[in-house]
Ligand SMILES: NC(=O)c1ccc[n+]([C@@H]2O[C@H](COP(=O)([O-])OP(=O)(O)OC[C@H]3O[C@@H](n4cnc5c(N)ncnc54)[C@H](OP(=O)(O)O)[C@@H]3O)[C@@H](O)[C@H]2O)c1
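Shown next as structure tokens: one chain only, the form predicted alone.
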């Protein structure tokens, strides 16, 4: 077989605000790959099927000299995030041709993975769409499920507040909180998103762009468990309206990723109300609980126990647009790039 084009989404420059498609990221088709003869070096060749688009990608669009928990993207190299792909060839003992694998993928149509470390072969006994494995059964779902179990200390009758509640993490958290018998307050950024959150059985749903968060919490709180995906004004309102010994699960801070975050003024309540702040990374939680997650969650999704919605862009060339939409809050549901079908 003659070499084929290998489309890639390249990181082109560090953005000052929102990442702009065609400027911050560039879709490139100049590279080709010989699928039959490309050296595997003991690894395996992957055809990318779906890629995850998550808020934290903006944080990786920084100067590589700035160290943090996740590696910065490098100019001229593909964006990297979680994906699912089909193994076309393999020299690895851990994976064979025809397997489906999950792990950190370069945003490219094909790639050779030399080491299996960090990858997982997906069994998918339930026959779920592969997109589910980068959403509710992937890193976002793992974040919600494992951190809620580890840190929420939820008690029936308590009140939880969840931000970015229509997203893949927030919507899963809402369902876990309701299953534990909590009253759930949730915010989202459009009326359409609020309608989806209401369909999850959430008790109080509001559009934070139309209604002030502090006013809702003052009326419906105090808050015993706060799941924070946004920081800024919502975090400040939660601190102001927290119950004694509240648990704050600090998952994300998207309001500050693009330079527009609001300052937090109520930090005094952390000690005044003896609030417990839990910061966490899903990768740490997975070290001991990955098998437990995969044994339980996909089966429950297949049974319809967890609702989810997806916002799918078809074609890698649209990945830059998808990244911008997540940062600007224009997506509705888990943002996914469908690169190819089998």
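Numbering follows the first chain given and starts at 1. These numbers were taken from a predicted model, which means no experiment stands behind them.
Beyond the structure shown, there is the form predicted in complex with this ligand, which is absent from this document and is the topic of what follows.
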Should residue 143 be classed as touching this ligand in the predicted complex when contacts are defined as heavy atoms within 4.5 Å? yes
Considering only heavy atoms, tell me if residue 151 and this ligand come within 4.5 Å of each other in the predicted complex. no
This ligand contact at residue 293 in the predicted complex, heavy atom, 4.5 Å: no
Does any part of residue 298 reach within 4.5 Å of this ligand in the predicted complex? Heavy atoms only, please. no
Within 4.5 Å of this ligand in the predicted complex by heavy atoms, the stretch out of 29 to 37, 42 to 50, 312 to 320, 274 to 282 is 274 to 282
Using a 4.5 Å heavy atom cut-off, which residue among 113, 108, 159, 229 comes into contact with this ligand in the predicted complex? 229
For the three residues 188, 193 and 254, which mark the spot I'm curious about, does each lie within 4.5 Å of this ligand in the predicted complex through at least one heavy atom? yes
Hey, which residues along 6 to 22 are within 4.5 angstroms of this ligand in the predicted complex, non-hydrogen atoms only? none
